[in-house]
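The chain below stands alone and is given in structure tokens; this is the form predicted alone.
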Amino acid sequence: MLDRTKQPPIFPIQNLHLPIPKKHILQNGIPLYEVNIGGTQEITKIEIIFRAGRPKEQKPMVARTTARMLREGTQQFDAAEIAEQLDYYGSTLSSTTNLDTANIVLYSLNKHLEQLLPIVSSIVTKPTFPQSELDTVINNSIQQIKVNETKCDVVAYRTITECIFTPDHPYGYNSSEEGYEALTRQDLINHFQSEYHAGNCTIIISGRTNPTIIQLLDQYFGTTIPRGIYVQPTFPKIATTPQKIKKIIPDSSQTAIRIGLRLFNKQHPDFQGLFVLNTILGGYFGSRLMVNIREEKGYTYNIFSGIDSMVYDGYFTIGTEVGNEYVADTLKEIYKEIDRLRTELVGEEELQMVRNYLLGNMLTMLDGAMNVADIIKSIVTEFLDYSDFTSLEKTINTISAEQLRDLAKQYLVKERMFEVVVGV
């Protein structure tokens, strides 16, 4: 009999195993990664990834707008037909972007893939970018910018990233009304023809896959997406001086705070250690910033710190929204917590709690083929190795309090940080 009056034993999380996907090469050279680790449902997720983000732009905003317009009509199907077919077969198709890639994601029952893949193939090979739809996208985007300019947190985010990377950098510029108004249909066509090719493409499938699906993918993408060569992007040099910036948005009930500095991508040898350090500072609900500024002081409902890593660069930020009367005190406490990490050793109990939290998250990431596929996507698109997953587990388990303090001394330097305050 199970005795529910006693807490079950807690076992340490050890030896996390990342399933290695099976790699196929399509006829045009596209690498296809297959994640099939069991499961009973005949469902497959197909993600088509193009390295066609901001670093490949010839004009601001063209990468995001091109990806957004892909499903608005092709040479074979108009937008209504695409939507109707997706709905009829009970599937989901999305086109999303981040700073580095454009991603087309399909969820479908396996039995319907033969009907749906021709549509998806048409979307990624023969979009027409209808002018009427482009006008709508541009107008909606401009309206969204106007709305966002009234939000303290959005303005603070846009300001801190522009400060860190500069407005001339693909990771630093902000979308603008003028930029959208300058976009033309030909800009989208040029970007598509230049960047949506096999050399920039990766496909990841997960779920209840089988050889027939691989053959279908080769048929509809391995013979239709043109060949090409991946070209490493170039970036302008970044020369910035840390500064404090105050922006006024009248009648704001709260003030947004962002503090940050440039770091690096996940390939850097110190990234994993900083990942643990950031978790202690502000990376989870029990972090030091949350305990101090939310729970003890009551200045805010939420405060966080994070390391945003892109393919070619990265940055560290701290962010929160506080009552207007608490801005000075909040800034004081943020820098106090940073200084504690630079001068004091993290206690063993706190460090063990963070280890358990991070390892639990890693265990969750391994739950099911589609979650594993997300790990594989990160590894492949960010030029990492499968061993980096095991290396992260080892870092979490073994990093010492002394190493964390040394990392804080080296990187969490107040004099190198930008400080942005947006409110009344």
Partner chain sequence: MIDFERFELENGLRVLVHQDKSTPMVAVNLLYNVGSKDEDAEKTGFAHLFEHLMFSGSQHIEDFDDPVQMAGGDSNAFTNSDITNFYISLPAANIETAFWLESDRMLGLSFSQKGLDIQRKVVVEEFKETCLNRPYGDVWHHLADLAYKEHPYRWPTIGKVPKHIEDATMDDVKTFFYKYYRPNNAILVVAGDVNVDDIRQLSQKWFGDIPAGATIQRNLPTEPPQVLFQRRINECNVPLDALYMTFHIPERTHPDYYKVDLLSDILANGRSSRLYRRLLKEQKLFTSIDAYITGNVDPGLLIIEGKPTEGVTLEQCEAAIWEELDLLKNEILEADELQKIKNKVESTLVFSEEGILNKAINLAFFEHIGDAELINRESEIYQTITVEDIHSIANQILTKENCSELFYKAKQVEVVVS
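Numbering follows the first chain given and starts at 1. What you see is a predicted model; the values in this text were computed from it and never measured.
Below, we refer to the form predicted in complex with its partner chain, which is not included among the displayed structures.
Note that among 283-291, 232-240, 210-218, 262-270, the stretch whose heavy atoms approach its partner chain to within 4.5 Å in the predicted bound form is 283-291. Taking non-hydrogen atoms only, Glu296 approaches its partner chain to within 4.5 angstroms in the predicted bound form. Residue contact check for Leu26: none of its heavy atoms lie within 4.5 Å of its partner chain in the predicted bound form. In the predicted bound form, none of the heavy atoms of Thr224 sits within 4.5 Å of a heavy atom of its partner chain. Mapping the unseen interface onto this chain, Gln58 falls outside it, with no heavy atom inside 4.5 Å of its partner chain in the predicted bound form. In terms of contact with its partner chain in the predicted bound form, the residue from Asp100, Asp187, Glu162, Asp153 that brings a heavy atom within 4.5 Å is Asp153. Proximity to its partner chain in the predicted bound form, defined as a heavy atom within 4.5 Å, holds among Ser252, Ser194, Gln115, Asn174 only for Ser252.
Along 137-165, these residues reach a heavy atom to within 4.5 Å of its partner chain in the predicted bound form: Asn139, Asn140, Gln143, Lys146, Val147, Thr150, Lys151, Cys152, Asp153.
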